[in-house]
Ligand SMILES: Nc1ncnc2c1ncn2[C@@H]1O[C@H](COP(=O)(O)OP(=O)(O)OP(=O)(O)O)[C@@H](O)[C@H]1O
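Below, in structure tokens: the form predicted alone, a single chain.
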Amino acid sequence: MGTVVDAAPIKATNESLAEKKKPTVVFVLGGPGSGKGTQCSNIIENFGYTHLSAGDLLRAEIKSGSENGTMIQNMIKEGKIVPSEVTIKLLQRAMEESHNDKFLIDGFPRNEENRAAFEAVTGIEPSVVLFFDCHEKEMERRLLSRNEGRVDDNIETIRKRFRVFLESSIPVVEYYESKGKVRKIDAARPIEEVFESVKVVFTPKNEKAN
């Protein structure tokens, strides 16, 4: 009987998530108030994806009281940015622990450094980047209508969030656009109309034809 022992070098045990699970990853990007959360809920319900929010995972880690959580909390308190690797490890762990192999990653990567680190650490490129494109006036209107009675406090904060999104996240969208991975959705329309466009992205080609 032949042997395959020497056919390839033995791999390190820390096999990447991409090799172990081969997950389908969709990045969901859009400015504050673009309706990402609502549409993520619709996608989960209709297409069986697991929703992962970087912010939620960081908050859960802090709440757990772990050593890692304390470190994250201290960094946030000091106004420091949590390193990409920390957030990515939390995302990676959540994917590994899930029984699913299809993931919506919401609000991440926030910038080019996040993007490069995610691909380097996990070995995964997104299959699609869903970009909810919504003009600033509409996003502002939506956010202010949520903030009952606190309009004056928040208008400046909201505009600052828009600026950060444009400066940090648009380069990520442009990078994936150059690779043909971006599906731009006009998110200024009513929720139902937006979801009709989203469905086209997630419906297999053979089903669209029928």
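As the structure is a computational prediction, the values presented were derived from the model and not from experiment. The term rigid core refers to the maximal set of C-alpha atoms that superpose within 1.5 Å between the two forms. In this text, residue numbers run from 1 along the sequence as written.
Form predicted together with the ligand: not shown, discussed below.
Student: With heavy atoms only and a cut-off of 4.5 Å, decide whether Val194 touches the ligand in the model of the complex.
Tutor: Close contact exists here: in the model of the complex, Val194 approaches the ligand to within 4.5 Å, heavy atoms only.
Student: With a 4.5 Å heavy atom cut-off, would you call Gly37 a contact of the ligand in the model of the complex?
Tutor: Heavy-atom contact with the ligand at 4.5 Å: present for Gly37.
Student: Indicate whether Arg141 is a 4.5 Å heavy atom neighbour of the ligand in the model of the complex.
Tutor: Arg141: contacts the ligand in the model of the complex.
Student: So, Lys199 and the ligand: in the model of the complex, are they within 4.5 Å at any heavy atom pair?
Tutor: No - in the model of the complex, heavy atoms of Lys199 and the ligand never come within 4.5 Å of each other.
Student: I need to confirm a contact call. Of Arg146, Lys63, Lys179, Arg163, which residue comes within 4.5 Å of the ligand in the model of the complex, counting heavy atoms only?
Tutor: Only one listed residue qualifies here, and that residue is Arg146.
Student: After core superposition, I'd like to know whether Ile76 moves between this form and the one not shown (criterion: C-alpha shift of 2 angstroms or more).
Tutor: Comparing forms between this form and the one not shown, the Ile76 CA shifts at least 2 Å.
Student: Could you check whether the CA atom of Arg141 moves 2 Å or more between this form and the one not shown, using the rigid core for the fit?
Tutor: Arg141 C-alpha, core-superposed: shift of 2 Å or more.
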